[in-house]
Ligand SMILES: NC(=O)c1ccc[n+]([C@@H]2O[C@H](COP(=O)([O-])OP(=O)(O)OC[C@H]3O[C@@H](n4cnc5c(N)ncnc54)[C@H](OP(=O)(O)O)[C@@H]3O)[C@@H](O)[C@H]2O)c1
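Next up: just one chain, as structure tokens, the form predicted alone.
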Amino acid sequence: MRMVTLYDGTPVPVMGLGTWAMGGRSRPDPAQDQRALQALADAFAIGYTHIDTAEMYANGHAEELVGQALRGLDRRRFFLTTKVRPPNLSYRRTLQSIDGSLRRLGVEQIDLFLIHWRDQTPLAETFRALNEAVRAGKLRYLGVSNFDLAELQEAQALSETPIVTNQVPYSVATRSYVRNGVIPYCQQHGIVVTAYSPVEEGRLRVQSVLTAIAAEHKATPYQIALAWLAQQPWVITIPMSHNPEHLRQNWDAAAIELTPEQMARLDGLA
């Protein structure tokens, strides 16, 4: 598995597992619990160790399911990312959100904690809580999500430790964070781009270029879309699937070696 190395030498796999829609979407759906737990178990068996979740996902229930799936496993093998939702960005609520995520995940420390989206709360207030939680050992690394360039730079100035990622929508079909300068800035400054919705939740339009390159590698077009992300410097991605075959295909996509000519053809799709 390809890795991206953080500022302190910690490796993070370029292929992680997203958990949006596991155990429900905006609300918990207990009828989906076994399906979600099986998907997590299948992913762990394949080799996934970076798990991305959020307190917003199923109103905290996705975190609970991740925590349940991790019970009895070696915590040191896993890199856990979660996020605070916008209504909780005040100093007090951010600290409460961190404690809530720790409790639901059943861990003593969260590897990477992100601001999911901004609201009207001054970033300085949120980072007062985040920095305090890092100093207390509750959080290992800090990052942001859906931040434009000015917001990212403000976060860098306020964080006592390096901002290690900006998690943004990025795919062969979605390049808005390239055009607004965020992705080039991250790649130039050693900040990981975490690409979410890398296949548009299974709705990615399969263009002829994807089909042709997939045939050359005996792969699926979706695997080629993921390989294009995984092969870029400072980019990781977090596709989600309940399907064990798709989980395996996503994992294997990180090992596909695209040629410079194939990368250029995919670059030209936007």
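Not measured: the values here are computed from a predicted model. Each residue number is its position in the shown sequence, starting from 1.
Keep in mind that the form predicted together with the named molecule is missing from the display, and what follows is about it.
- With the named molecule left out of view, the stretch that reaches within 4.5 Å of it through heavy atoms in the predicted complex is, among 92 to 100, 157 to 165, 118 to 126, 140 to 148, 140 to 148.
- Interface residue among 193, 84, 199, 130, judged by heavy atoms within 4.5 Å of the named molecule in the predicted complex: 199.
- Residue 241 belongs to the set of residues with a heavy atom inside 4.5 Å of the named molecule in the predicted complex.
- Taking the partner from elsewhere, residue 23 is found to have every heavy atom lying beyond 4.5 Å of the named molecule in the predicted complex.
- Taking the partner from elsewhere, residue 10 is found to have every heavy atom lying beyond 4.5 Å of the named molecule in the predicted complex.
- Taking non-hydrogen atoms only, residue 228 never approaches the named molecule to within 4.5 angstroms in the predicted complex.
- Residues are counted as partner-facing when one of their heavy atoms sits within 4.5 Å of the named molecule in the predicted complex; in 38 to 61 these are 52, 57, in sequence order.
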